[in-house]
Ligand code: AMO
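There is one chain below, alone, in structure tokens, taken in the form predicted alone.
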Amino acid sequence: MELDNLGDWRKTHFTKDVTIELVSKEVILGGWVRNYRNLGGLKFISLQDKYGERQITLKKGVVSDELFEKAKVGYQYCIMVKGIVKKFKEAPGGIEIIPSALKILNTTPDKLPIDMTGETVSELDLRLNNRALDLRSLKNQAVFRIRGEMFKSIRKFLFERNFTEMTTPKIIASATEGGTELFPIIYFEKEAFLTQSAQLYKEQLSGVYERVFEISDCFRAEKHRTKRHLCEILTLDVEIAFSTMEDVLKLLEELVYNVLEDIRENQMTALDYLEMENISMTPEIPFPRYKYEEIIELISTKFGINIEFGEDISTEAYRKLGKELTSYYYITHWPMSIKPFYIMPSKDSKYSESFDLQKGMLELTSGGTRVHNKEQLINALESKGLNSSSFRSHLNSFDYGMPPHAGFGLGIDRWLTMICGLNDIREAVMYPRTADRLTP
């Protein structure tokens, strides 16, 4: 088949813009063939773009014979159509396009590697192997419209509260939090690492811009092969000067509330497509708060699972807890022994000024008050078995009037997975990276 050139054609509208107000007007649409039906003297093309689909109707005798013959298209052909908008109540959106011209810009194989009609759902790994095609599905369009709204809403919320957006390095000289979940790389003649989080940099920048945030990637050499873990994750990092954990708890719950409000206001059709319109509801604030000891006591008495003080909460315990506490809630004052060096101890040093934000069984956020005294920070490093000399450049920033500060890191991918009702966190990422997946 000889392909058409784009020439001087340009899209005049997206599918979402083709509404009843455009009846009898000429439009030019561009996109991909989601579905095609040939009923002899009548052909229907479902044209899909980034916002949805519109029906293109070709009736023999109404359109030219040349155009009718040309409209032999395959699934996911890239086409452009020029035509007149007509009312047709049985078409999607009550609108159809009667074309006067059609351009076939690119074709596809007769058999696609995954089903794109929506009639069946291909296995996830097969879809991920063909991700550029898979992302055109109506389900993925809905998921990533919600993701875009989430980013837009987060930025709007924080900018209105005098935050500065920061950008921090993703190649670092030493581990942010210690531990083994690091990706080492060769940086010229030195060993370096991919960053685990923006933690140290956002603390330093809180001593400059006072209120800072970043939406960016971080990397964990995560060997767990579960539906909740990734090796490259997207996080919202927030840090606030002249504040404590209490200030952060209030800001975070307001952020969650506002983001969900915006998603429901601006992307309800996407939630509806995912059948989450009555599930991903705006929560009541303030969120319930439970201290760590209260939670392990609840787990013990309610479910018969014993967790010693100082132990993390197991997946099994979280799963049962999520059936008891189904909405958003905080777990605060975790044992200091299991928290990073930069977390501030409580008055009773057995506890820490730290918290997790949970939605049911899923942890979405960790945060707390930070240590802002240099000597105390050095002692904390050494108590965790870390070499303070490896953190020299970070410690130096505490010589210049570092204010008290607090913050959090929120897992964007987990939150999106939950809002959209997805079965696997990989579905919430355009190109996921796990222990088993480095391509595409």
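What you see is a predicted model, and the numbers here were worked out from it, not measured in a lab. Residue positions are given as counts along the sequence shown, with the first one as 1.
Although it is not shown, the form predicted together with the ligand is what the next lines describe.
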Given that the ligand is left out here, which of Ser243, Gln204, Ser197, Thr332 has a heavy atom within 4.5 Å of it in the model of the complex?
Ser197
Could you work out which of Glu222, Glu149, Asp115, Asp247 is the residue within 4.5 angstroms of the ligand in the model of the complex, going by heavy atoms?
Glu222
Pick from 105-113, 126-134, 224-232, 266-274: which stretch has a heavy atom within 4.5 Å of the ligand in the model of the complex?
224-232
With the partner left out here, check for me: in the model of the complex, does some heavy atom of Phe408 sit within 4.5 Å of the ligand?
yes
So, in the model of the complex, is Ala428 in contact with the ligand at a 4.5 angstroms heavy atom limit?
no
Check whether Leu364 has any heavy atom within 4.5 Å of a heavy atom of the ligand in the model of the complex, and answer yes or no.
yes
Quick one: does Tyr342 come within 4.5 Å of the ligand in the model of the complex, counting heavy atoms only?
yes
